[in-house]
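Just the one chain here, the form predicted alone, laid out as structure tokens.
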Amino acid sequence: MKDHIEQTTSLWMATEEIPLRAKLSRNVEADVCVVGAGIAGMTTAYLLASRGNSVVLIDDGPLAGGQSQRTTAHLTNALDDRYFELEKVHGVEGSRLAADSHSQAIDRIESIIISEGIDCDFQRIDGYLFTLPGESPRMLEKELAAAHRAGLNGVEIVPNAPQPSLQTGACLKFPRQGQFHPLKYFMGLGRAIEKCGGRIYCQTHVKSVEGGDTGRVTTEDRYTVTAKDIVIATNVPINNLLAIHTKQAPYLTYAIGATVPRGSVAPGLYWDTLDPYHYIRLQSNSDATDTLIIGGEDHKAGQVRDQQEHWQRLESWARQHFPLITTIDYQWSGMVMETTDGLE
């Protein structure tokens, strides 16, 4: 699987490169050591460093070199498993916490971008959830009511999504979602961490993590980071693999980037209810075109032999609904961890 992923390039990887930081080559001390330089780890390191903590951030690859560079960069509080389903497992209060955490995450990203002056194409944008042709609107009504109970009072049913070619009919509008260029954001976030005194080390593989009054992170090269606190922010926790891995399942998700004329697709985040479902957004280019990003065709890891077939299905679906596509310029895949509690 790793060989396959390395052969594909996301739009973000093709249009931005983050300078590599040095490898850890000596023993160091810090208030906090953060392991994992994806969006969770980098945000944690930034927030701690900006409040005066001594922070060391380490990763066994480059910054954002894992799944964070393979996202389609939808920043949303519309959840895949639906709020009415979350209520069944976590109750209304649990559903409300999930909605609030996702909303606050978008707000936090926006506030960091503003305060640090990060140029990363961030936009507030509306999102639209639509059902299959002929499907009963009952699901949308249930989700609307559950979203309101979760505190998302701005969600509403509208007659159509703004993209005519999708022919959505009635759909749910989730206002003030977000989108950005993730690698541009991470480049700025890395600079902000270092400006606050944080130390970042790349190509540094962690061998072991020890807790206690003083924690120790030991690397493959036998250097150590001694810290009062340790944050593990890897895709799957490396210090608690057995306990966590049995509670989640890895899925592959696919994406393509297609060139369309500027203005031919209405800005927005779009999600359908097919199984597997599709998710759609735009990214502006420097010329008179946009890149239309379409993701989906998810499946459990290891259960498909011909992965190229999934990109072909995405392209077929995309050309059917967006006839002004000229070329398919990017294709990539990423790993999504589905958890048993529905809060992945």
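As the structure is a prediction and not an experimental result, all values here were calculated from the model. A residue's number is simply how far along the shown sequence it sits, counting from 1.
Below, we refer to the form predicted in complex with a small molecule, which is not included among the displayed structures.
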Thinking of 165, 263 and 267 as one candidate spot, does the small molecule come within 4.5 Å of a heavy atom in every one of them in the predicted complex? no
If contact means any heavy atom within 4.5 Å, which of 168-176, 228-236, 188-196, 128-136 contacts the small molecule in the predicted complex? 228-236
Taking 4.5 angstroms as the cut-off for heavy atoms, does residue 292 touch the small molecule in the predicted complex? no
Exercise: residue 37 in contact with the small molecule in the predicted complex, heavy atom 4.5 Å: yes
Would you check, heavy atoms only and a 4.5 Å threshold, whether residue 284 touches the small molecule in the predicted complex? no
Whether residue 206 contacts the small molecule in the predicted complex should be assessed with a 4.5 Å heavy atom distance threshold; does it? yes
In the predicted complex, the one of 73, 258, 146, 112 near the small molecule [non-hydrogen atom within 4.5 angstroms]: 73
Name the single residue among 14, 336, 328, 324 that comes within 4.5 Å of the small molecule in the predicted complex, judging by heavy atoms. 336
